[in-house]
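A lone chain, given as structure tokens: the form predicted alone.
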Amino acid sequence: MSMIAAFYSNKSVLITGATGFLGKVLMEKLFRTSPQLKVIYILVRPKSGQTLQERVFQILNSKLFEKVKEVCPNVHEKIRPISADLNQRDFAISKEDMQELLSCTNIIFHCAATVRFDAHLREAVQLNVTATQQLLLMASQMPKLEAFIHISTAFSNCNLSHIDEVIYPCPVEPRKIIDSMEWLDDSIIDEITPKLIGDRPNTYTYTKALGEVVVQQESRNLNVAIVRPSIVGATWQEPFPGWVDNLNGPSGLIIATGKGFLRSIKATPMAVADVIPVDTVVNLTIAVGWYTAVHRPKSTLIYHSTSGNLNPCNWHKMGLQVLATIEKIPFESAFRRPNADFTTNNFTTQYWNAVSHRAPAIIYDFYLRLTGRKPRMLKLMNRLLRTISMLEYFINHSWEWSTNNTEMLLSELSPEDQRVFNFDVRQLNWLEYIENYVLGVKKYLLKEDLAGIPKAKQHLKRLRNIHYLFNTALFLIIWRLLIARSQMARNIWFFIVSFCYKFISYFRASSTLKV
């Protein structure tokens, strides 16, 4: 029998960020492996026109929870939604709900965070730093609490090339940052943000690093651990391969490529694509919760949930497999044939890519206007290009993460627990995983029917021909402008025409002589 599964039986668990991608998979795995779990408290932000219970039913009605309902038919009774807002003091939790949380909670999984790379520093600090501080304060008042597991990111220290399983100090104390956000106006915050984040690429990685320091400083006598996943992708094995429900990480790139919006990205082909399946992260997180509560380590342990050091896959290999899968199962409504490429970072390439990406979108929007529909393609394209630009830092760099604690934990598990809560990424077959990932994006995220593949292939072929025609016309227009403005271009053109004429004349003469 699984020791970890038995540990969570009759436990009361609090999950922040339970409505997010990682939080849902975590909740599903806990219920499926420990159906005798007493209750999972989830913090849910109030939504107009929808009750908390309706939001719970919306989560449970997804395919993700199909297997859970078989082993735990009363799962809806074991989820206790708590109205909360992480932007408010004490999370705006009612007095009655707060008392229940403080008196009953055994395990906390803090998954909530803003994952927007371009979030304003005030927002990022509030959700990734201040909220963590407030949750730790709550945790210190929970007499039955056995473990506090904080989900960070492997990129919290991405300004380093080698990252150990330690908490790195920040130049400015988190408390000072938190205090300053309360009285500084937005214009001053905008001015100081680049200086504060330094050589980190965005506010997300910076505030996640601050959040780790807060955990270290304010955990008091709590049993605390930190899990650092890299780029979280679709499920590998559980509850079934390829499940995904958001556009973050590779999912957005897969959709953009499959739909034909994305033809090239500025990337380093041999850079490691440190993607980690979400179920791998969840299995590690649950195991960390068990180990932290049972073994009570003397210090805060950090666990890296990464793939690059144990089972690396570079962006070139990943891109080729994505394209190969898309060719077999083209996405409906594809705008043109997917043909991603790795390009160099220079002005000419950027200019050509901007034209190549946006020009067809403009033409398609013009077509929509003519047919009386609302144009939307250019807006989507601009959003896509902005998202890709924010990802460029991560697809042009490689990192080395030490995984000593993660490997230690794996060795501590019984054979049964290693099977039930498998987080050994060395067993991952990348080609199989990526194929399932692409299929999952199509089936679960885009809700597209796999039965429509033959029709989609015909549609894709037509649009591919339109794309080739567009590129040819664009090339001829640019070449004509060059001829009009450049004597060298005219000389080259006349040479090509003359050469072709002579070649055709020679071919005709040879044919006549043979006759």
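What you are looking at is a predicted structure, and each value in this text was computed from that prediction instead of being measured. Residue numbers run from 1 along the displayed sequence. So that the term is clear: the rigid core is the largest set of C-alpha atoms that superpose within 1.5 Å between two forms.
From this point on, the text means the form predicted together with a small molecule, which you will not see here.
Enquirer: Of 82-90, 419-427, 209-217, 139-147, which is the one stretch near the small molecule in the predicted bound form, taking non-hydrogen atoms within 4.5 angstroms as near?
Expert: Comparing against the small molecule in the predicted bound form, the contact stretch is 82-90.
Enquirer: Using a 4.5 Å heavy atom cut-off, state whether P277 contacts the small molecule in the predicted bound form.
Expert: The answer is no: P277 has no heavy atom within 4.5 Å of the small molecule.
Enquirer: Verify the contact flag for S152: yes if a non-hydrogen atom of it lies within 4.5 Å of a non-hydrogen atom of the small molecule in the predicted bound form, no if not.
Expert: Taking the distances in the predicted bound form, the answer for S152 is yes, it comes within 4.5 Å of the small molecule.
Enquirer: Taking any heavy atom pair closer than or equal to 4.5 Å as contact, tell me whether T19 reaches the small molecule in the predicted bound form.
Expert: Close contact exists here: in the predicted bound form, T19 approaches the small molecule to within 4.5 Å, heavy atoms only.
Enquirer: Give a yes or no for S180: in the predicted bound form, does one of its heavy atoms lie within 4.5 Å of a heavy atom belonging to the small molecule?
Expert: Output for S180 is no: heavy atoms all beyond 4.5 Å of the small molecule.
Enquirer: Within 4.5 Å, heavy atoms only, which of V125, A113, I286, V441 is in contact with the small molecule in the predicted bound form?
Expert: When the small molecule is considered in the predicted bound form, the option within 4.5 Å is A113.
Enquirer: Which pick from I302, I107, V232, V282 sits with a heavy atom within 4.5 Å of the small molecule in the predicted bound form?
Expert: None of the others qualify; the residue that does is V232.
Enquirer: How about Q50 - superposed on the rigid core, does its CA move between the shown form and the other one by 2 Å or more?
Expert: Superposed on the core, Q50 moves its C-alpha 2 Å or more between the shown form and the other one.
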